[in-house]
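Only one chain is given next, in structure tokens, and it is the form predicted alone.
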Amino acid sequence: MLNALKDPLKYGYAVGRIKVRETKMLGTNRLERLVNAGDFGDQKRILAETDYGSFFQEAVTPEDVEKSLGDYLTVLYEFLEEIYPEKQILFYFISRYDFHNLKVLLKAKYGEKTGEQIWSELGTLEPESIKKGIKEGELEGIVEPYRSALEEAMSRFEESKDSQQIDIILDKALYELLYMIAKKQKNKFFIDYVRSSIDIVNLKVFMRAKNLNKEQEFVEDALLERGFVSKEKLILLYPESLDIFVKELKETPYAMMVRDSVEGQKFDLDIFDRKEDDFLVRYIKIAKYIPVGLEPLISYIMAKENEVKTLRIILIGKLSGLSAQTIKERVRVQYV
């Protein structure tokens, strides 16, 4: 009862602001128009009707699209910083970009070729000081939890010369941080979302390792703690056939996602990625029926990031010459 009385006071203003913004989200109809547009110029004219329009006026190339979407998210987070009463919630989302940036810098330091070369401006870490610290091996000026994660990732890479160790160590540090932020909020919706996210990361690790015939020791090292599906269960299932793996997950929310991703004796990770996003969006839709509280605030950020991801697929798909049907198959479920 006490929380019910406090929530309108604590969250009412922020929820009111985002409910207004939710009415301006792209929605299924406008996304379909973007998919079916004749060319990128037509897409820009459709976006001119929305709050994305001003960010795409000068966009011509896929690189311009990436920059425009990054600029849009920067402005979005500035708005959220202004209205959100729980700054830790924003740190939850922004810290993901910081860990992404650490991966970019570490792999650049060790000369590793990677698809993660783009530095995100959404992070809080100052790039030049981080670059200097990593280059000189002096990490004392880097705040926690980033410093400890960097030290361990650098140590593991220098010992193994395997860039996957960078991903493993930084992902473990990231998801432990995310779980602790959610746990501190004492909000079941938030905690369950994080635990489901950890499950999905673990399933992707498992499936990718299966596809590549990785040793079991790799899976034992790479899997995360804190999910609903225990790390120990996944380790026990790793030597088993795909049929047994799918069967053992039939009582979990991920059964259909995993089953539909099986192609012969391999997993199709592109299919799983699409179903992953759809699963998480359907989860956050629960917040639509919660009038005030932490849930609508969390869900709005997730919904907007999903919208940006969808817009990236549609716009870059059109610039790359993909058919409307192919693009439509790649579009995720939307919040509105």
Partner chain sequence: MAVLKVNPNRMELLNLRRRLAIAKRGHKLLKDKLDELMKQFLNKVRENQRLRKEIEEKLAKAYQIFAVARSESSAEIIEEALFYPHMTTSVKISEKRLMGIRVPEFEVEQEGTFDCYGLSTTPAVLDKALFLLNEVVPILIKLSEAEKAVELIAVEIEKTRRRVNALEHVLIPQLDETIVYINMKLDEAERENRTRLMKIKEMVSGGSV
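Positions refer to the first chain, counted from 1. If you're wondering where the values come from, they're calculated on a predicted model, not measured in any experiment.
What comes next is about the form predicted together with the partner chain, which does not appear here.
Does the partner chain come within 4.5 Å of a heavy atom in each of I130, A153 and E220 in the predicted complex? Not a single listed residue reaches the partner chain in the predicted complex, so no.
Using the partner position in the predicted complex, report whether A209 sits within 4.5 Å of the partner chain, counting heavy atoms only. Contact check for A209: yes, within 4.5 Å of the partner chain in the predicted complex.
Heavy atom to heavy atom, is Y72 within 4.5 Å of the partner chain in the predicted complex? Flag for Y72 set to no.
The partner chain contact in the predicted complex: R195, any heavy atom under 4.5 Å: Because no heavy atom of R195 falls inside 4.5 Å of the partner chain in the predicted complex, the answer is no.
Is there a heavy atom of S163 lying 4.5 Å or less from a heavy atom of the partner chain in the predicted complex? S163 belongs to the contact set for the partner chain.
Answer range among 270 to 278, 298 to 306, 33 to 41, 285 to 293 for contact with the partner chain, defined in the predicted complex as heavy atoms within 4.5 Å: Of the options given, it is 270 to 278.
Name the residue from W119, F228, F79, F91 that puts a heavy atom within 4.5 Å of the partner chain in the predicted complex. In short, W119.
Heavy atom within 4.5 Å of the partner chain in the predicted complex: which of I142, M257, A108, L177 fits that? Just give me the one. It is A108 that has a heavy atom within 4.5 Å of the partner.
Sequence-ordered residues of 308 to 332 touching the partner chain in the predicted complex, heavy atom within 4.5 Å: Sequence-ordered list: K309, R312, I313, I316, G317, S320, L322, T326, R330, R332.
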